[in-house]
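What follows is one chain in structure tokens, specifically the form predicted on its own.
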């Protein structure tokens, strides 16, 4: 059987599965509270969104497993999986060199991991029964806090604490509150852009699915919002993180 025929049969099988699940689905729109784990710790109630936590750890587990698999099978002539990882590594290495300048490879593990986590988190919803962890605002906000921490830590290491603080007093000291608000706004826009696009796509899918009983059109929309929009949003988030870092460390 040729590779093209295998691909065609695989696509037909996925479509058949989607339609079979759709015909059994209930046409109601369900947007409610997330399932949660609640427990007491030191007299304080700790609340964890269980579905988000499970899906986030699933995404991380997939990448850890893939990395260990590639590492155990490293060859001079790479196979498909190794070649894919090498392509992604070289792509972001070149991107970091172009944005931050040569000699900044130390940023590669952070930038590469950020993109891979967000990309798989955004597209994993195309698999029936799974849900994007980035649909929960806590995940984009958590990634945003990581980005801001890395950006400002890099700026302090590059410029020194005194010069870093002085930058908030430019062009004159009374601008300090506005400069601080501007930095906070960067983080808020970064998180809500990702959350809005992923949640917006999920809402559109629910509405259209309820109208046509989940068949055919939602399958195409699911692939569009999952694969295309999910990939674009992961790349935009990563590029903005890289751009903010470049601005922060510039003299």
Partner chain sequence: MEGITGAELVRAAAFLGAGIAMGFGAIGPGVGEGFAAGKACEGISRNPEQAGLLTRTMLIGQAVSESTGIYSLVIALLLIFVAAK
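Since we're looking at a predicted model, the values are computed, not measured. Residue numbers count along the first chain shown, from 1.
Below: the form predicted in complex with its partner chain, not depicted.
Within this chain, residue 88 is remote from the site of its partner chain in the model of the complex, having no heavy atom within 4.5 Å. At the 4.5 Å threshold, heavy atoms of residue 247 reach its partner chain in the model of the complex.
Within 4.5 Å of some heavy atom of its partner chain in the model of the complex lies at least one heavy atom of residue 185.
Of the heavy atoms in residue 127, none are within 4.5 Å of its partner chain in the model of the complex. This chain is displayed without its partner chain, yet in the model of the complex the stretch 176-184 from 149-157, 128-136, 75-83, 176-184 comes within 4.5 Å of it by heavy atoms.
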